[in-house]
Ligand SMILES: Cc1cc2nc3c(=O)[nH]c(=O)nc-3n(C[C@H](O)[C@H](O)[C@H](O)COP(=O)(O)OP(=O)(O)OC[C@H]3O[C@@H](n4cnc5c(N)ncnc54)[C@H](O)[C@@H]3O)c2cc1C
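Presented below, as structure tokens, is a lone chain in the form predicted on its own.
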Amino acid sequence: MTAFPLPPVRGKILENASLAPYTWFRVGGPADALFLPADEEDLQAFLTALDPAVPVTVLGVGSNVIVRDGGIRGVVIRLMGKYWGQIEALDGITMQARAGALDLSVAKAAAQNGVRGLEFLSGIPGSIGGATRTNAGCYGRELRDTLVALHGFRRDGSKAAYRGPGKPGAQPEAHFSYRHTDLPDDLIVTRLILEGNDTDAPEKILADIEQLQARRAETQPIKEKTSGSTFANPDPPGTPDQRSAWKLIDAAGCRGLKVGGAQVSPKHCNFLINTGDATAADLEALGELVRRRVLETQGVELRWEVRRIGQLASETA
């Protein structure tokens, strides 16, 4: 039993639930409670009734996160399943996706509806809701380039909505920069409206996505227990002589570097991998070792792009 009361729900609540199976690294301790809401109404009712003192953490598909070995106190909310993965075409070049929809699925759904301009999402691991937190991007485009509006709830269950950069509307504007957003920390994004930039034959757009997927498979360790890029590039896209994190890591001699069961991918230096028996502590220690070596040898302080959340094992002993 948790140390705090849990409101009744229509979805599922799992107490003392291991979070390792819910992350791509397959590491991490337990959550006091893991809530899998049935839909938006279920989520809103739960947030409204939950003791405000109980911390809430949102976990998408766990593609860009290290859950520490001590686990997470309070309630972890995971927006996954059939309802949360819904995607639909609205009008023209506009698409709507619930937060749990995979980025690749959004790209393909847009393509199937003849909407061009969202293909870049196919190269981003994770869910579209999670992409809002880091203004995720690749292949020269970022989420902010496509965002019309987003909707969600604050920690107290109140509704919240934001319009995309430069878009008309009464809602406050969401501000994004390279791998960063100023959205409130307690905002739980539930639904996004995105727009492409053109229309085209679906088969042509799908073929382009297939090419991007093949390129990604050739250059990234996508079949390993890994995440998205570990560190943000030091310079935003478009910066003259832009420095790449992977090149700095390689130049620092970190390709293939190991700590316990964690390793810097020999295939792509900006990816950490769990070789089989890594702990979260191994992965985080390896990342910090890489940061120190890059700073010492290249004079650049890398910034974590992978989120590290929860408590260390020593903090729960």
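Just so you know, these numbers come straight off a predicted model, no measurement behind them. Quick note: we count residues from 1 along the sequence shown, nothing fancier.
The same protein has a further form, the form predicted together with the ligand, not shown here; the description that follows concerns it.
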Contact test in the predicted bound form: residue 220 vs the ligand, heavy atoms, 4.5 Å: yes
Close approach of residue 35 to the ligand in the predicted bound form, 4.5 Å, heavy atom: no
Non-hydrogen atom contact residue 232 with the ligand in the predicted bound form at 4.5 angstroms: no
Contact flag, residue 99 vs the ligand in the predicted bound form, heavy atom cut 4.5 Å: yes
117, 125, 71, 164 - the one with a heavy atom within 4.5 Å of the ligand in the predicted bound form: 125
Proximity to the ligand in the predicted bound form, single hit among 263, 270, 279, 64 (heavy atom within 4.5 Å): 64
Within 4.5 Å of the ligand in the predicted bound form, all of 60, 79 and 136 (non-hydrogen atom): yes
Among 237 to 245, 105 to 113, 182 to 190, 89 to 97, the region lying within 4.5 Å of the ligand in the predicted bound form by heavy atom distance: 182 to 190
Within 4.5 Å of the ligand in the predicted bound form: residues from 218 to 234 (heavy atom criterion): 220, 222, 226, 227, 228
